[in-house]
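The data below hold one chain only, encoded as structure tokens and taken in the form predicted on its own.
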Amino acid sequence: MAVIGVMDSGVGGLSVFREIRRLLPSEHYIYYADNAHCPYGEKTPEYIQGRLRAITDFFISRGAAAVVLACNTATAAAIECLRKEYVIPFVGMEPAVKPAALGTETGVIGVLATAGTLKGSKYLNTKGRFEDHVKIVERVGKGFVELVESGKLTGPEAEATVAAALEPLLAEGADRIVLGCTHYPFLLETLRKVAADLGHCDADFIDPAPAVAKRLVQVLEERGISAVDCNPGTELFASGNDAKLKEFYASLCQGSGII
């Protein structure tokens, strides 16, 4: 067993944590929602790096042996500098462009992400490997994070917000849509409804969370990270109000393991 820190700008990273805990149910997790500084999408890289250093120091103070940046924007802005400054391993979000490119039938894939993710070198490098083979169209999920943080996952407001970003991608012919922010999977029901309403029932939405969970397992095995004296469970922390975090956790995990 190991102590693993998982962070996001808010509750979105729980979509990744859910997949991690399925593969590693016996670890001790510390989840940190930096919701007092959410959303990260329009913040500068320097600002996000400062937040990530503070959060990493907090994780280490509580015994974390590895950290998961369950946030695409945080990964884009800070993972490289964190890897240079700290000894413990960091696992970040990988843009799911490859599976989308391999699976498309129309030759067009869409990417929904924050502005920070779309400008990050990690995404741009990945995009560069595939844009000669498929057409890649992008859209910022404007207002998506705010919807999720406020718990408005369905209904007219959510549908209108989602449609504004999704419709242009579908109009370009995208049949595979990469969800480039960990908040976005919580809007999957609305994304599918809006796509169907627009006549695109076959649109497929790709969540990278399972791949991130598998990568964490690999990293822990490669580093030989284990801690026989830690207790399985989950600790929840937030830089702001933690009510929404606890609510989302309870709905995802049936409230088990909160200590």
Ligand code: DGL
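From 1 onward, residues are counted along the sequence shown. This one's a predicted model, so the numbers in the text were calculated from it and none came from an experiment.
The same protein also has a form predicted together with D-glutamic acid (DGL), omitted here; what follows describes it.
Taking the partner from elsewhere, Pro39 is found to have a heavy atom lying within 4.5 Å of D-glutamic acid (DGL) in the model of the complex. Under a 4.5 angstroms non-hydrogen atom cutoff, D-glutamic acid (DGL) in the model of the complex lacks Arg176 among its neighbouring residues. The closest heavy atom approach of Ile109 to D-glutamic acid (DGL) in the model of the complex falls outside 4.5 Å. With a 4.5 Å cutoff on heavy atoms, Val145 counts as touching D-glutamic acid (DGL) in the model of the complex. Heavy atoms within 4.5 Å of D-glutamic acid (DGL) in the model of the complex belong, among the stretches 125-133, 69-77, 162-170, 97-105, to residues of 69-77. Residues of 93-112 that come within 4.5 Å of D-glutamic acid (DGL) in the model of the complex, judged by any heavy atom, do not exist; none qualify.
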